[in-house]
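Single chain ahead, by itself, as structure tokens, in the form predicted on its own.
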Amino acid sequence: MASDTSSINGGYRVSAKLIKDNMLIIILLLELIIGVILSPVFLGKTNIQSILINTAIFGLLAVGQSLVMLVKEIDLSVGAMMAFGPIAAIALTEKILSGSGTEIIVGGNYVVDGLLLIVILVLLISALIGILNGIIRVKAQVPSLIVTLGMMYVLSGMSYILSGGYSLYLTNLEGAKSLGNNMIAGIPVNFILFLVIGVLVILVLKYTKVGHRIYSTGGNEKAAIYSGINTNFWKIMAFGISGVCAGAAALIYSSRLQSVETIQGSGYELISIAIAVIGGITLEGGRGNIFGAIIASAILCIMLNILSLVGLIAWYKTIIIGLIIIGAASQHAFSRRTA
């Protein structure tokens, strides 16, 4: 009898662990079922493609944010970077090409030339802003929450100054719609790009020394320093990669809408944090993985899509995202205490 009881308890523990380890997958499947029940258009081709595109945008931000959180920091500037990166890149491209007589903006706010240079500059500018965030954090010893909050306001203001507060339209810019709208076998190109980047980051973190150094930096910085790891470098690197991810997300967003808006990306920094937290990344650093963030990005995007399909207005969505952050963080804290 004791043996039977032990076997039952052992089986229960195995089942509980299996459910816990695959909780995100289970939630994702439940969401899909709920979506099918609540809306007849949920599984429609256009709706699925929309979910995948949004997952690519939010997922890229979340991957960058997750790396920053793994080194025990946070980046509140990624949303503002999504607007500033393209606006600054277009302004700089206009200056560079004006010397050759090439006009890239016509009719006041229609971008017509310089696509390749704009794309390169968006990624470069975003990376430099991320690196600057990291340098200020480690050199001035200012908490990243304050540094990136200040940078968020600076970038928002600069976006308005450079654009005059007007939208920049990409409808006449050849090739501009490709990244945001092209499909391969019905799957958005940007979603495939997101998966490639996500898998690459997962492999680097799991199988190279880079992963060990990033997790060590966030998990126990003093021990990492004593073991010879340059923790300041890896913090700066994490912020730099977060910037690149924000730049890539900005390119997809702008390409999809065929415009660059001064307010685009507003509030997306909170969504990226929500995804990272849902995926198991903690603000304590050194915990969690990118795979969880990738699945969590799909979970959040499907949830927001379902809420839109049932007619829930934006402010209720904001409340729900806030509750998700609190709930997921509380669940992770409880799990650690009872482990």
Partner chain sequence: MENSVVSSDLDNGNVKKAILKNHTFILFIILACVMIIGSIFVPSLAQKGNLLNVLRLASIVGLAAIGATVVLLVGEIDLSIGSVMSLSLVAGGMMVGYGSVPALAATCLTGIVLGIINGVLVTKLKINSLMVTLGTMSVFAGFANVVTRGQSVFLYDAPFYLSLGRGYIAGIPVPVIIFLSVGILLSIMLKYTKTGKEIYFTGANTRAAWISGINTDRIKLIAYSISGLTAALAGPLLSSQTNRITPIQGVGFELSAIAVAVLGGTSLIGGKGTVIGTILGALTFQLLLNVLTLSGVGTYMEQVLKGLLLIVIVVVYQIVDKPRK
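Positions refer to the first chain, counted from 1. Worth saying up front: this structure is predicted, and the values here are computed from it rather than measured.
The same protein has a further form, the form predicted together with its partner chain, not shown here; the description that follows concerns it.
(request) Considering its partner chain in the predicted complex, find the one stretch among 247-255, 178-186, 144-152, 111-119 with heavy atoms no farther than 4.5 Å from it. (result) Only one stretch passes the 4.5 Å heavy-atom test: 144-152.
(request) Consider the chain as shown here, without its partner, and state which of Ser156, Ser259, Gln264, Thr93 has a heavy atom within 4.5 Å of its partner chain in the predicted complex. (result) Result of the distance check: Ser156.
(request) Could you tell me which one of Ala296, Ile290, Ile273, Leu60 places a heavy atom within 4.5 Å of its partner chain in the predicted complex? (result) Flagged contact: Ile273.
(request) Mark Met23 yes when one of its heavy atoms lies within 4.5 Å of a heavy atom of its partner chain in the predicted complex, and no otherwise. (result) Result no; Met23 lies far from its partner chain in the predicted complex.
(request) Indicate whether Ile161 is a 4.5 Å heavy atom neighbour of its partner chain in the predicted complex. (result) Yes.
(request) May I ask you to check whether Val277 falls inside a 4.5 Å heavy atom distance of its partner chain in the predicted complex? (result) Because a heavy atom of Val277 falls inside 4.5 Å of its partner chain in the predicted complex, the answer is yes.
(message) in the predicted complex, does Ile74 come within 4.5 Å of its partner chain, counting heavy atoms only?
(response) Ile74: contacts its partner chain in the predicted complex.
(message) Heavy atom within 4.5 Å of its partner chain in the predicted complex: which residues of 281-298 meet that condition, in order?
(response) The stretch touches the partner through Leu283 alone.
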